[in-house]
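Single chain ahead, written as structure tokens, the form predicted alone.
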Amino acid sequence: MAVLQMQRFSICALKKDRKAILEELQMLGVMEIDTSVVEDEGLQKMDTMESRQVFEKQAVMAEHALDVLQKYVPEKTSMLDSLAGKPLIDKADYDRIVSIRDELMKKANQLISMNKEISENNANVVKLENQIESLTPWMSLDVPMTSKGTGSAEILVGTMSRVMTLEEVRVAVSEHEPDLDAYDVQILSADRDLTYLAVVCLKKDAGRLEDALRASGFARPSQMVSKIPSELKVDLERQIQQLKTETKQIEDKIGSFAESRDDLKKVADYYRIRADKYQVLGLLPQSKQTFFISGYVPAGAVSILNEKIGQAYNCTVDVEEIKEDEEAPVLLKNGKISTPAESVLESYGLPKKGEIDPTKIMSFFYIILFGMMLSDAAYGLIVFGACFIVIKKFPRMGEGMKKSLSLFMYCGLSTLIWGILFGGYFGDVFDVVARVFFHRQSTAPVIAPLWFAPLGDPMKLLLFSMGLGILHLFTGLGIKGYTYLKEKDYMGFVCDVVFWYMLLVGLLLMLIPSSIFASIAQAQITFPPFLNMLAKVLAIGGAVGLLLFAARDNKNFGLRLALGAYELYNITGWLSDVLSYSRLLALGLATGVIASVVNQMGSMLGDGVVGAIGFIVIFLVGHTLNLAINLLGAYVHTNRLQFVEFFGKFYEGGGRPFNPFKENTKYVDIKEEN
């Protein structure tokens, strides 16, 4: 378990080598740029904002073009493709992309323009369809809506504000103009709220007639067309068909660009890399002839930078230890089994300055506790096998995904072992199948547990869970003590760690021979008198020590005692933490009980062919759900035991992750040259 030592690596080089050195640093990806310590008197920094924005715009444009391709020519993918990771391209292929980048960006512009044209066509189609919809009520009108009639007659086209019959229209007119009868009304259509009509009258009566109609809710249409509605509809439908045909042609043309999809991905990454490089370039203090760059480098990578930059270019290299008041970024390094658990630690927080990396110890407990909660050998084998196969099949998957699957793989192996110890194989499926389908009469399990069956002896599992919890908590307290010793705070080690160990161990030794413990363990344990006396001495000594020295920095003796008493009150927190480990019992039993219920449900159909088929269906569905639910439960509660109970004893976190200057690509990885 280790937090890698960081060193400050500084470079002063000729300006003519600036581009090459930055590209080398970006390719190596081992240095986090931090030029805050470089004295900038007499030095200047380039304004690279405009150039960086140009490259970012190009990258966004290429990605927009990829979105267009994905929209009209979707890339065929499977559920597992997300695990495959980014493809690896060699330097020659990358150089090819650089040489044709302008051509590729022209294609990207074409794709974006064609997509815009399709969007405009679709908008026009909607507009035309809305026009057709607005014409629908006027389809029976056989003259243009803007028609003025003849020399002696006039046509009034409009709507009434409610549904009206021909007779009701005439009555409404006669109420206002009783002597007006030289007109003809044609009702064209009606809907829930409006009546569409056309009225023919003498020109001299047109004004009076319109006023009479308006008094009853008549209104002219908001849009008047100069063609006969039915003929205009035909024209509009022809335009719609023409636009759709044009859109189809554009879509086919877009499809011809599908072969450039991979190259567009690569050119998007190229511009993203350049944008990152120019961002760093804007941070570098420079003179007319030289430039300066500084940052954090893991101690193990210093030799690489010396070889690749210090010896390859005409420059000065300086390596310094991190200062006391300097907060360096954090990079962890652990073994093969512990490394996957780094993701758990990172989700809580990286170690701050001076803290140790608890990943190795935490991963040991994490895997054990997870396996106890799931505790079925068959489930464990499935989880282990599935994760192992996926990791082997997709060696280039993302680092985060690989860590998670590796952690689940080890947890699956732990589950397999605990399942063998507890005798759980899809619950009691072997016993049920033997009894129902093979008429086995014996009540003994087909495969006996290597240790004991939790369903038959839950109190034993409860005691073991709490014992494991005490070990887990004591380990956390021990790490706190190690931190004190590392910092040479011997007083803190004694007062905040040793006294707690004395109190807790003393109370445990006093509890074990008690009747309360005997009722739980179903066995009476008797200690020799000297051990009973030792337990009391430890408990009293630890309590007195905490009372007097927990608040040792406070000079007010009365307040110190009060704070010490409050510290003693935290014994209830320890009790609560120990009880939290009963969830190992609860989730372990839940897995077995639900699995057994599924098996019993499947056996209810008997031992015939129908019963066998029903059993298989219920078995597959039930155990799939049980595995999914309890897998999630084990993951959540194992994390909780680490975050709350374990880390709460010694760990604060808050470290800043190491963020090196590297090729942050989205679609491909570039193979380094040997």
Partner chain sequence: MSQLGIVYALLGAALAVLLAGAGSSIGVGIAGQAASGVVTEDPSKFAKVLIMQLLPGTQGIYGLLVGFITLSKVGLLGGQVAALTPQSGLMILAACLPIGIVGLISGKYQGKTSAAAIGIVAKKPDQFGKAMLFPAMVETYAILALLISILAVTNIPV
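From a predicted model like this one, the values you see are computed outputs, not experimental measurements. Positions refer to the first chain, counted from 1.
One more form of this protein exists, namely the form predicted together with the partner chain; it is left out here, but the text below deals with it.
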Any of the heavy atoms of S51 lying within 4.5 Å of the partner chain in the predicted complex?
-> no
Looking in the predicted complex, any heavy atom of N109 within 4.5 Å of the partner chain?
-> no
Is there a heavy atom of P221 no more than 4.5 Å from a heavy atom of the partner chain in the predicted complex?
-> no
Is K57 close enough to the partner chain in the predicted complex to count, meaning some heavy atom within 4.5 Å?
-> no
Taking the partner chain in the predicted complex as the reference, which of H472, R583, K266, K277 has a non-hydrogen atom within 4.5 Å?
-> R583
Identify which of N306, S113, S174, Q600 has a heavy atom within 4.5 Å of the partner chain in the predicted complex; exactly one of them does.
-> Q600
Option from 587 to 595, 83 to 91, 114 to 122, 318 to 326 whose residues, in the predicted complex, bring a heavy atom within 4.5 Å of the partner chain | 587 to 595
With the partner absent here, would I389, F426 and F619 each sit within 4.5 Å of the partner chain in the predicted complex, counting heavy atoms only?
-> no
Going through 338 to 354 from first to last, which residues have a non-hydrogen atom within 4.5 Å of the partner chain in the predicted complex?
-> S347, Y348
